[in-house]
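Presented below, as structure tokens, is a lone chain in the form predicted on its own.
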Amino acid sequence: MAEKKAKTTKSKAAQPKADQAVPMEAAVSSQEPTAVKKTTAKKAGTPKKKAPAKKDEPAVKKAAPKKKTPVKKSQPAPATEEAKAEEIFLPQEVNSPEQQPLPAAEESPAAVQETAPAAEEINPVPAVPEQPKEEIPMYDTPRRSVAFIGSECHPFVKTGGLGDVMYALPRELVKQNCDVRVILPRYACIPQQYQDRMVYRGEFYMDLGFTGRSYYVGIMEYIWDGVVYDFIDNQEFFTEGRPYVNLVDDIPKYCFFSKAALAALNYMNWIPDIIHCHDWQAALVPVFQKTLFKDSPVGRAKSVLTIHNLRFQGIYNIPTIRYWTGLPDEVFQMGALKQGYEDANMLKGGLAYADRITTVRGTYAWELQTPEYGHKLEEHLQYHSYKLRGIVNGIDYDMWNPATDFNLAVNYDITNVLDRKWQNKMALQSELGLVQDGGKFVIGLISRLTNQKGLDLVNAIVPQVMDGNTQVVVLGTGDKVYEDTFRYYENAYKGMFSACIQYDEGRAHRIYAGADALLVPSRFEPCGLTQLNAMHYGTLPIVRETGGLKDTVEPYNTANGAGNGFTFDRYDAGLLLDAINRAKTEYFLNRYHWDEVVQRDMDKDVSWQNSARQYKDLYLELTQW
């Protein structure tokens, strides 16, 4: 078994090819997992601070199964239909103590007290408190199965907001009566702690385009919080230390991944109702599905393609993409993949073949159909506008919650934010070598350091912002010109400017908690999650009115106190400076009003619950049976 977990190269030449209709009954008999009951019970009450190990290593939950009465250790509970529906699967070989479910009899006395009636009672009227709603879910919509296919997912690999969405949305859909699998490449850069916990599910060989070769496709599985993560394994394509390298390498890699993901679903005989793809890296999935896979079991699923950032489309010359895909000639017409005279656009093809298209904000769905934001696909999107939807993103409250965030110096919530948030500011100043002064106005900037994020505007106004009462903290990596520029400002304004040219997840949490305001002056922003994180941590956003930023941040009105942040409209450095100065004026001169907005932002619901419900409604709309 250990040899198969580590397997990343071909070993069974006798396995069938994907295009030879792998039987639906195909399964890996020697690796058939055993059932272990899933336990996700949550105790009511005030949330406690999470331990770091649970954040960094999402292992299988160890809580005892939820029962109305405790189960004796020597008498396992009968397998009811409800229990079967709550099962997850682990391999027989996993025997380490930390991975075994705790027996029900070891449940804490407090837990037993909540569920067991008093021993003295004879023929009692049950004195058990009413069960929490989550223990016996009452779903008001039918169950659907969904396969998420994308190029990154927290915590395995993440470069931006797509990784957060691929993590949080499937978890929320599970709570809304969906059966979800997430299919990802098995990059070499995935941390070893997750690699070691992957379980071998099987392998097969698949032809690819006109290469004349068969390629190994391994399937490694990881289960966490009711979501099954299947990793497509192939050393030829996924050995780089990062997911995105350059188009020359990325085009073949994601052509292979898109086809292999569909072939893997057929191989595992797990045919979803919905296949939900994300960005250009998975955009060929609907194209393959409606052509080469149309007569296979996976061909009957409905497809949804979500645009997270239209700027990146997967454009390369037609002969290269034809060589790596083997797609029929009709897909290389102007209404599908073809763009210009000799290029093929992978995202454009996916938009043409998908049953529905979604974007991450309502405003962005409209903006994409204009020349300013359409990136040469505005007419294509206008043609397909009948299947275009805008569904707002959210943030995961388990990951982003100042009341339980173990990364913070001091936890807080809406009831004590005014008393405790300043302590996180002082701790952040100490961590970064800034002057420790709770009265300074601290501006955070957490971003990829690229032109899209409006950093040319920031660069233009830094000397005017640094007035002795203001500190700036930058966290991120990207274009060398911006990395060097911010390092220069750190040296020029010692103790007042900090340039953290890296991406550190824990430090990002501490900046959200320790800063007074967060800067998001993007040239364009499909959705943006940083402003949502900031608001939930009581840090007021300063943003440009574009895309998702405009949808989520209402400008503060000094006349009536309405609004939840500070905004500017045109892409202009002077307007950005004006927005920062307005924020500083409220902070220093009208602190009572500032504090009101802090509490208002923390009270705003920016969770995934409502967004996931809209996606579930979309899935039901596509599958009316």
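One rule holds for the numbers: they count along the sequence shown, beginning at 1. Please read these numbers as outputs of a predicted model, since none were measured by experiment.
Keep in mind that the form predicted in complex with adenosine-5'-diphosphate (ADP) is not shown, yet the notes after this line are about it.
Taken together, the three residues W400, R448 and T530 all lie with some non-hydrogen atom within 4.5 angstroms of adenosine-5'-diphosphate (ADP) in the model of the complex.
This chain is displayed alone, yet in the model of the complex one of K453, R201, K421, K348 has a heavy atom within 4.5 Å of adenosine-5'-diphosphate (ADP); that residue is K453. Put simply, of L432, A336, V298, L162 only one has a heavy atom within 4.5 Å of adenosine-5'-diphosphate (ADP) in the model of the complex, and it is L162. Only one of 464-472, 495-503, 320-328, 174-182 lies within 4.5 Å of adenosine-5'-diphosphate (ADP) in the model of the complex by heavy atoms, and it is 495-503. For the chain shown alone, H384 is not a contact residue for adenosine-5'-diphosphate (ADP) in the model of the complex, no non-hydrogen atom being within 4.5 angstroms. With a 4.5 Å cutoff on heavy atoms, A508 counts as touching adenosine-5'-diphosphate (ADP) in the model of the complex. Interface membership of K158, defined by any non-hydrogen atom within 4.5 Å of adenosine-5'-diphosphate (ADP) in the model of the complex, is confirmed. Under a 4.5 angstroms non-hydrogen atom cutoff, adenosine-5'-diphosphate (ADP) in the model of the complex has Y512 among its neighbouring residues.
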